[in-house]
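A single chain, nothing else alongside it, follows as structure tokens in the form predicted alone.
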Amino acid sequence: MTSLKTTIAGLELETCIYNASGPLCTTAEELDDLGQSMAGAILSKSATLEYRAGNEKPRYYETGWGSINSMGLPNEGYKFYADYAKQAAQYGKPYIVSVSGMGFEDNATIIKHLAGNENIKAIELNLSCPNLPGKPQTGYDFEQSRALLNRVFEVAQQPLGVKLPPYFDMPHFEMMAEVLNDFPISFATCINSIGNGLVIDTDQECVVIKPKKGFGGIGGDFIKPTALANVRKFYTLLKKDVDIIGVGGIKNGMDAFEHILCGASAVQIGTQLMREGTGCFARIAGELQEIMNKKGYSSINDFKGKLKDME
């Protein structure tokens, strides 16, 4: 029997496939849909202190190779996601809250409030939102990342992981790994969208989204090679008790297989969830199991992190 069970942050998941924070995880109805689906966990939208409407629309656009968005963190505010935890418990899968405060003390306040909630099983601290006008990504400032982690670990009780931006230079991988290895990080999610891309409608000779004069985060098929590189590099650089979660360009079972081969203990689905809805989890899981059966693998641990170099 081929099993897709996995463990992240000490939590058991029936399947290694679940949603990325962002698409279709903002409202109670959307979170319920995730709970009723074949997703292995329920991950909330990145929460801020207060409700945010987000950036002006249109702010999301799909292309043949992926997507561009500049959502601006629309969410219901952290108290909503804390209160929803009791409802999430009925689905029997880990409920994880994504946190993206607008500053150090926002993050500390949110994580301190979530600490006493037994139905919130882990926290994913977002160091990498590229679509807030005037706000740089914390994950590209290594001193600020260290200072933020120092602050939030003063109040965190649940297992805490980080969602990272994409890195492109070898020294940057090493610099961020050095920071993360100094903290009791439970997992690292690689990657958020590639920031500040531009997509053009050539018929209209116009950008396709309104915020930031058309600049937005790139996701979907196009970013998979970058995502795989980040998964692989952090799998090799971080302490072995840190789980890697792969996200970026996963639309079928083979994409998930590649992420796990690079070292991911679980994978998250973003753009494809927007395209297909929650049915994507069962389909991708079935395709991954078919691949594993053909290769003679009975669990993801049989091939996780076993990518070979050329001799």
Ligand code: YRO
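A quick note: this is a predicted structure, and the numbers were derived from the prediction, not measured. Numbering starts at 1 and runs along the sequence shown.
A second form of this protein, the form predicted in complex with the ligand, is not displayed here; the remarks below concern that form.
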### Task
Please check if residue 145 has a heavy atom lying within 4.5 Å of any heavy atom of the ligand in the predicted complex.
no
### Task
Spell out, yes or no, whether the shortest heavy atom distance between residue 193 and the ligand in the predicted complex is within 4.5 Å.
yes
### Task
Would you please decide whether residue 44 lies within 4.5 angstroms of the ligand in the predicted complex, comparing each non-hydrogen atom pair?
no
### Query
Using 4.5 Å between non-hydrogen atoms, is residue 72 touching the ligand in the predicted complex?
yes
### Query
Want to guess which of 72-80, 229-237, 177-185, 115-123 is within 4.5 Å of the ligand in the predicted complex, heavy atoms only?
72-80
